[in-house]
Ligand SMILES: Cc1cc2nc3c(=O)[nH]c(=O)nc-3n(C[C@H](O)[C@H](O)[C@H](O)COP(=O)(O)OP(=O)(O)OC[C@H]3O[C@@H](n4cnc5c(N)ncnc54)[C@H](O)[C@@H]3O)c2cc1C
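Just one chain follows, in the form predicted on its own, and it is written as structure tokens.
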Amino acid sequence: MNSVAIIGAGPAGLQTAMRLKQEGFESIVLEEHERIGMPENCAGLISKNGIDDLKVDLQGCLQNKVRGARIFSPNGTELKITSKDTVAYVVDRKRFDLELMQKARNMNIHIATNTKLIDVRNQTLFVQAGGRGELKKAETVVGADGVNSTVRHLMGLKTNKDNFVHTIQAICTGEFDENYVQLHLGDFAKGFFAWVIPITDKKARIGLGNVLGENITQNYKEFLSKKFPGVRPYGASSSLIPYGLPLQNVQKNNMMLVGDAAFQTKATSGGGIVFGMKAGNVAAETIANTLKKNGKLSNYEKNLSGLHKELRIHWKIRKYVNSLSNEKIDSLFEKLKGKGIEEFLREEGNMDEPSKFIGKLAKKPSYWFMAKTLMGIARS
């Protein structure tokens, strides 16, 4: 009998296991893929604040440091937010996961690869390991098994096509400013945006996301030909990301969800590494308190309230942008640029925690033309 079985050896699952170990409890991590970090679909951009909070060492996977963003409206109006200091890191996501795995194994945490969860009945897990059926026992099961979570399905949480964004991304060679991430809004990325994440001044990850139902391959080709006609893409990959509010009822019986499985991703950007790992810490502490008889698993959702507050604000911002036509987005960018939004975001912006600046924005007379929207977001 294992105290805890964690399904999925991505950052959220491994962080849960390591935090549990620090609390004095053992776990087993079950990963369906043979190799950790594969398939690699992440853009690999992580906020410096988030990494600092989590105290993660990026030495073995760091590819670039960026100090700002260039955001383009559909007609090309640019908002340029810059800092003299690093604001985000670009990492090799495969190496990032492998580094976490090695850290976990150094803590004597057992990680079983090529092991897929099939079903959970009370404290019995039915798994397929190396093509053969096996039974495992665990008091608690943590679903850190990503966007297509089996544990989420077993808990009876329903999703539909509106809850996901389809993304495509490739490594591209060309000429890039390695100091700035680029974000592009337009019809080629309905419901989301396109991005450029520089790895060096000669190489970048370029991708875009669409709501389901769009011809994403054609949209991607058109975006590249229009915006970056000189680049050469290779190694394209496609995936889904969660899209919406963080899920409710993410704990049921002896099961709970963390990371992408629980929709703990930023709807503004799709990023989930920092929030998934922080949720892993919350899950581990909740489980540890339960095992110490100082709490119960049902406290998990209450313990997530701070993280979920920020994620709700990210979703409010996303919904607001999606409600605007291209023409209104162009007009909004021009107004915001004229009222000094670039300087404001340079001083007050936060990639992970919009609650730290939305309220301040709402109090400035310059932005009262969108006061109703700002106050609605701030109250979320």
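Each residue number is its position in the shown sequence, starting from 1. What you are looking at is a predicted structure, and each value in this text was computed from that prediction instead of being measured.
One more form of this protein exists, namely the form predicted together with this ligand; it is left out here, but the text below deals with it.
In the predicted complex, does each residue in the set 81, 198 and 344 place a non-hydrogen atom within 4.5 angstroms of this ligand?
Not one of the three qualifies.
Looking in the predicted complex, any heavy atom of residue 44 within 4.5 Å of this ligand?
Judged by the heavy-atom cut-off of 4.5 Å, residue 44 is in contact with this ligand in the predicted complex.
Does residue 142 reach this ligand in the predicted complex if we count a contact as any heavy atom within 4.5 Å?
Because no heavy atom of residue 142 falls inside 4.5 Å of this ligand in the predicted complex, the answer is no.
Just to confirm, residue 334 within 4.5 Å of this ligand in the predicted complex by heavy atoms?
Result no; residue 334 lies far from this ligand in the predicted complex.
Hey, in the predicted complex, does residue 246 get a heavy atom within 4.5 angstroms of this ligand?
Residue 246: no, not in contact with this ligand in the predicted complex.
Where does this ligand sit in the predicted complex: which of 67-75, 260-268, 227-235, 131-139, heavy atoms within 4.5 Å?
Contact-bearing stretch, as computed: 260-268.
Option touching this ligand, based on a heavy atom within 4.5 Å in the predicted complex, out of 339, 48, 312, 33:
Contact residue from the list: 33.
117, 304, 87, 250: which sits within 4.5 Å of this ligand in the predicted complex by any heavy atom?
Flagged contact: 117.
Need the contact residues for 225-249: heavy atom within 4.5 Å of this ligand in the predicted complex, sequence order, or none if there are none.
If the 4.5 Å heavy-atom criterion is applied to this ligand in the predicted complex, 225-249 yields 239, 240, 241.
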